[in-house]
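This document opens with one chain alone, in structure tokens, the form predicted alone.
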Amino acid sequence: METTTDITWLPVCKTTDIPADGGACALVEGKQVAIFNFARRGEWYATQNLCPHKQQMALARGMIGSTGEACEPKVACPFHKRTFSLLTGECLNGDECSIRTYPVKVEGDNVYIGWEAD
């Protein structure tokens, strides 16, 4: 575990635990975190797993893709089709709800998320 500034980098899984261009859920400090391997972009993201629309733990099972001219990475809830930015957590459907995002780094075959205590 490495601490930088106010962020603690916690190991959460191996790269092989997350499917290419998909996601999986990890339990981190008692909270469900959705981790995404956006392989076709060579990028990793992490968000809360809870969809704020219907309060279901489902985002790790959502589809990832890109939107807009800037090709912003997004995840769509598999149940409600609400889409959220993987960068900011903002709901891209115009709803006022949002999700928490976490910084991610990969070192070797280990995936870490940056954790700040609530």
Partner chain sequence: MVPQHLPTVVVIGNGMVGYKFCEKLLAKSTAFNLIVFGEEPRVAYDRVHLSEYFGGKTADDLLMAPLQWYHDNGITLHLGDAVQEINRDARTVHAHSGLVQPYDYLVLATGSSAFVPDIPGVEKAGVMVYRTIEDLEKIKAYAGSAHSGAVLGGGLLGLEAAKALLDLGVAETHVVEFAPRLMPRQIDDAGSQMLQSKLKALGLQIHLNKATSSIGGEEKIDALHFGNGSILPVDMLVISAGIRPRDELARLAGLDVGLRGGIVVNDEMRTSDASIFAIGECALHGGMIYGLVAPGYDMAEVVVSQLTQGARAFGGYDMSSKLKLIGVDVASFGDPFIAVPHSRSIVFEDAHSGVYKRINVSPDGKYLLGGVLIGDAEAYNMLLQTVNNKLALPPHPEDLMLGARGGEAAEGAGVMSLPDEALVCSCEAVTKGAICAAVTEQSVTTVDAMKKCNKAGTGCGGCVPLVKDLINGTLTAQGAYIKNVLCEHFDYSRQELFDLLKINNIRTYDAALDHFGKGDGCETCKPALGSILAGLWNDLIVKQHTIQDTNDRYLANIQKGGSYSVVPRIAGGEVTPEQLMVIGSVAKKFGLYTKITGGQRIDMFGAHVGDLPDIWEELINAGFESGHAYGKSLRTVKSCVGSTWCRFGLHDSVSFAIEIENRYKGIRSPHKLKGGVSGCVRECAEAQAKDFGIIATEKGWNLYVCGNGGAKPQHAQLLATDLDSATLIQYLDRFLMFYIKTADPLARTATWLNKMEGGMAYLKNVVVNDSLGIAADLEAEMALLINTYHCEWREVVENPELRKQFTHFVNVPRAKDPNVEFEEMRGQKKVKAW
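Positions refer to the first chain, counted from 1. All values reported here derive from a predicted model rather than from experimental measurement.
Although not depicted, the form predicted together with the partner chain is the subject of the following passage.
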Is residue 83 near the partner chain? Define near as a heavy atom within 4.5 Å, in the predicted complex. yes
Non-hydrogen atom contact residue 87 with the partner chain in the predicted complex at 4.5 angstroms: no
Even though the partner chain is not shown here, does residue 103 get within 4.5 Å of it in the predicted complex, heavy atoms only? no
State yes or no: in the predicted complex, is some non-hydrogen atom of residue 13 no more than 4.5 angstroms from a non-hydrogen atom of the partner chain? yes
In the predicted complex: members of 19-54 within 4.5 Å of the partner chain, any heavy atom: 19, 20, 21, 22, 23, 24, 25, 26, 27, 32, 38, 40, 41, 49, 54
